[in-house]
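Heads up, the chain below is alone and in the form predicted alone; it's given as structure tokens.
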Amino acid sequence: MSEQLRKRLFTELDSIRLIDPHSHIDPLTAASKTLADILGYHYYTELCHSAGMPREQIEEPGLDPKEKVRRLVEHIEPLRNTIQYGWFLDLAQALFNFPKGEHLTTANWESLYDSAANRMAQPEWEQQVLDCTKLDAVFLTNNFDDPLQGFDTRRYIPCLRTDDLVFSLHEPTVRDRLQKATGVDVHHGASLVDAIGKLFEHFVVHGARACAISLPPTFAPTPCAAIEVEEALGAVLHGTEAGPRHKDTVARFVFWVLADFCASCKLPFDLMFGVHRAVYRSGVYQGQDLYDSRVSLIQYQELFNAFPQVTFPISVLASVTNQELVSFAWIFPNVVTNGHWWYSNTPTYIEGDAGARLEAVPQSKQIGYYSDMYKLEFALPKFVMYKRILAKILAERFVIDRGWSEEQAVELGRRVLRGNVERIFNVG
């Protein structure tokens, strides 16, 4: 009974049209052109490197895409047990007719590469992928100086990413980018607020529906006194020696200003907790960062209390932080659980984390999943993975254990997959 129930629920969930609330898609080149765009995804390069493939073979300058795939395939056998390899098989079977039951090997990769390249060269390939994945819209991750031109912002929805503004304003290149993007000569606190305000104006006019940032485990945003801010900005902006204390003050000030503009512009502020950068300094590109369990949402209590009108969709890098996130979403009206990010994005962790959220957090405060993808093709296997897990949770914990009807279970699934995304981010 349970297996058939799960299949029926999955079929219903799989028919739902999706809005992906977080990705790294380049809207000008959203779909892949070769298998190198797919196997070059950092999950595969970092796993192959972890299993023994030299970094130099992966990141050789000017490496031909086909040669890169050949090298990766030679080292991919140890990955067969991983869910990431399962994603590849799922998308290859669905999009490129790769035979079910076969593995990617040195004997068959080239024929797959060529057939995939032919499919990807079709003029309507991007639309075919969107249709196959049932994607209506995809949120982007836009640099603060992105002109937001050349694409349909109803399909690819802008999101203001603010990491550089908060944590790298001491770098002259970041300040130059800010001045070019806003026309504001930032020389003190008021002018910095003016520049950030112009960024929000630009993004809102172009259809942005969120502001976002990834946060290190040591950061704790609190308001800054005016005299403290001006001293720190003077050190950062005017070429004097800016120490850690000055940089932290500027980061806290900018972060608070961002939250203030999110309030006035009615934008959710996506917070992604716990990433510690460049832990493995010899790792491949995007394969150096790890989570740090020292992070705690208690560091953000002042923020959540100070901005009750701002919705904070929160992602945690590791499953170990999920119970704390559940508790904060349980108590704070403005805290929302958001997806299953990075190292917690495997079935075992998703099932435990999603189950806890569904059992303890109001259903209106949960964004079930996002792809975090760099190419459109990955939406299909990633969302299928989540929907399979969601169907299992709904079948076992709600229909069987609690006596819900199948229709009620599907409606809950629809809400966390689509309905809450529409309402929280004001899209649809």
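Worth saying up front: this structure is predicted, and the values here are computed from it rather than measured. In case it trips you up, residue 1 is the first one in the sequence shown, and so on.
Here the subject shifts to the form predicted together with a further copy of the same chain, a form of this protein not shown in this document.
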Might R415 be said to contact a further copy of the same chain in the predicted complex, defining contact as any heavy atom within 4.5 Å?
yes
Whether V320 contacts a further copy of the same chain in the predicted complex should be assessed with a 4.5 Å heavy atom distance threshold; does it?
yes
So, in the predicted complex, is Q309 in contact with a further copy of the same chain at a 4.5 angstroms heavy atom limit?
no
Taking heavy atoms and a 4.5 Å cut-off, does A232 contact a further copy of the same chain in the predicted complex?
no
Between the options A94, V204, A263, A356, which residue brings a heavy atom to within 4.5 Å of a further copy of the same chain in the predicted complex?
A356
Given that a further copy of the same chain is left out here, which of N143, Q84, T222, Q127 has a heavy atom within 4.5 Å of it in the predicted complex?
Q84
If you check in the predicted complex, do H276, D292 and F328 all have a non-hydrogen atom within 4.5 Å of a further copy of the same chain?
yes
Just to confirm the contact call: exactly one of 112 to 120, 182 to 190, 297 to 305, 132 to 140 touches a further copy of the same chain in the predicted complex at a 4.5 Å heavy atom cutoff, so which is it?
297 to 305
Any residue of 338 to 365 with a heavy atom within 4.5 Å of a further copy of the same chain in the predicted complex counts; write them all down in order.
W342, Y343, S344, T346, P347, T348, Y349, E351, G352, G355, A356, R357, L358, E359, A360, V361, P362, Q363, S364, K365
